[in-house]
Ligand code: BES
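We begin with a single chain expressed as structure tokens, specifically the form predicted alone.
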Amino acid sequence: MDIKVIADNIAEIEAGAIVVGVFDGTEPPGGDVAAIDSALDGAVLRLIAQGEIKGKLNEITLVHSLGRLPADRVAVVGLGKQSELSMDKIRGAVAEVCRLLRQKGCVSVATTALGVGVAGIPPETAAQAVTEGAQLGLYSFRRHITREAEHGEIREFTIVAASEAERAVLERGCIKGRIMAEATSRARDMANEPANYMTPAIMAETARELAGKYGLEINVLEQEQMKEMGMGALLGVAQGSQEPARFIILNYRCSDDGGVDIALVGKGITFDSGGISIKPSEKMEEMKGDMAGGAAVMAAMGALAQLKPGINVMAVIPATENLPGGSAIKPGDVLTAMGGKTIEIISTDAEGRLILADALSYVKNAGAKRIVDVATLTGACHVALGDFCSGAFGNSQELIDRVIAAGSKAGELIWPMPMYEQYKEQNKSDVADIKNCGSRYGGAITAAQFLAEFVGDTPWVHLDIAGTFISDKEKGYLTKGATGVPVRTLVNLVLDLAD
């Protein structure tokens, strides 16, 4: 979809549809809506008076212009209460209206930067939200579907500014929104791919293509190199698969000195059967997305390379399958992680923390000043927080607060979880330094406490996205399937740290 910003009068735009927003419970709208209503002989105001248009959030009313405007239709979308407007509500409303217009056969859509000046939202931010909403709401994954779609696609999306001066401001927001949305869509694509099309080797090749496109440094460690570095936890998980593991390292550098200001670590289990501790078959197909954390980290690096923050960022993705092959690790086995810590295996389905142990040790040894890891780690976090909120665990309240703030700006909800010392008791082993699974109670926390063993005193946050990496239906700018969480949170965090 081509997205552009122009300076013009929205009422004079020729398009399949123009989109205008109205608020819940406000006086009859003015400005662009009033001008469009006048051209439509008062149709919008009559619908408001009749109660058909209420301005409720995401309510959509289509009015056919019947030749009274250059646009074929006017889509009136509700933005909810004016005092409660946010970037995320703008994203959601734009996504909903774009999907409806696509179903109606529109190929071109135009709108203003909805919400400008309301609730303190500046023009650039509004344009970013509109762009993200349109792109993310229209996302679809059809790579393996041979039949034609039931509808066409919106090919042109235009944001209309009132003046050339405003156009320049909106253009900046549009560019940032497009980068953010494209990165999120890239992560969605990767997590939506069937596991036979997203093996560890293919994931590494995807990283190489990304690095080549955006000028990132890349290094991919093969199994022999991992063995030399003592990555016994990652290699232990990989034993059950015929697909060799890969250890993907990406670097964005704004300068050659200063070290690694922040390391982003993403779990890259390209398929998780549970290993010997095999999962139930119901919904096991969703485990192709167990590499969503790695996909998010990789996609975020592509966005950062384009936005060019003044900060050095390393990304690490340990990638492997977790399968119950004849050489797979077994409950009761002991593995030795990078650095020498020994781990007793209680459940082979608690494999994510094993591969992250080596990845966290790697970035710690690389001198990372801060670490954020992202993983579809525990069903326990899904139970605790549901489908809408990721869990944040860590050893630095300052960094946790910054991650949550970055998520709030992206519309990605994150809740801080406790990390009391008492939870460590569940991870004690009688035969090794630590075991990889405690009891069923507090499982998300004990998993995070396991990871904490490998970061030392480095400021660190763990994001458990087990409940948020996938959506079972369309809602707002989320579409059915992979969500791309938390790509935009990570980008916002790095931009904030750079500032």
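Given the structure is predicted, the values throughout are model-derived calculations rather than measurements. Note that residue numbering begins at 1 and tracks the sequence as displayed.
Only in words, not in the display: the form predicted together with the named molecule, which the text now covers.
Check: For the spot marked by K267, D290 and E351, is every residue within 4.5 Å of the named molecule in the predicted complex through some heavy atom?
Finding: Every residue of the candidate spot has a heavy atom within 4.5 Å of the named molecule in the predicted complex.
Next item on the list: Would you point out which of 129 to 137, 234 to 242, 364 to 372, 282 to 290 contains residues with a non-hydrogen atom within 4.5 Å of the named molecule in the predicted complex?
Entry: This holds for exactly one stretch, 282 to 290.
Margin query: Test of understanding: in the predicted complex, would S86 fall inside 4.5 Å of the named molecule by heavy atoms?
Written below: No, S86 is distant from the partner.
Notebook entry, point to check: Just to confirm, T376 within 4.5 Å of the named molecule in the predicted complex by heavy atoms?
Noted result: Result yes; T376 sits at the interface with the named molecule in the predicted complex.
Margin query: Is S347 near the named molecule? Define near as a heavy atom within 4.5 Å, in the predicted complex.
Written below: Result yes; S347 sits at the interface with the named molecule in the predicted complex.
Next item on the list: Look up in the predicted complex whether E193 has a non-hydrogen atom within 4.5 angstroms of the named molecule, and give yes or no.
Entry: E193: no contact with the named molecule in the predicted complex.
Checklist line | Heavy atom within 4.5 Å of the named molecule in the predicted complex - residue from D261, E96, D272, E124 | finding: Spelling it out, the residue with a heavy atom inside the cut-off is D272.
Checklist line | Listed residue (I445, A466, L451, A43) with a non-hydrogen atom within 4.5 angstroms of the named molecule in the predicted complex | finding: So the residue touching the named molecule in the predicted complex, by this definition, is A466.
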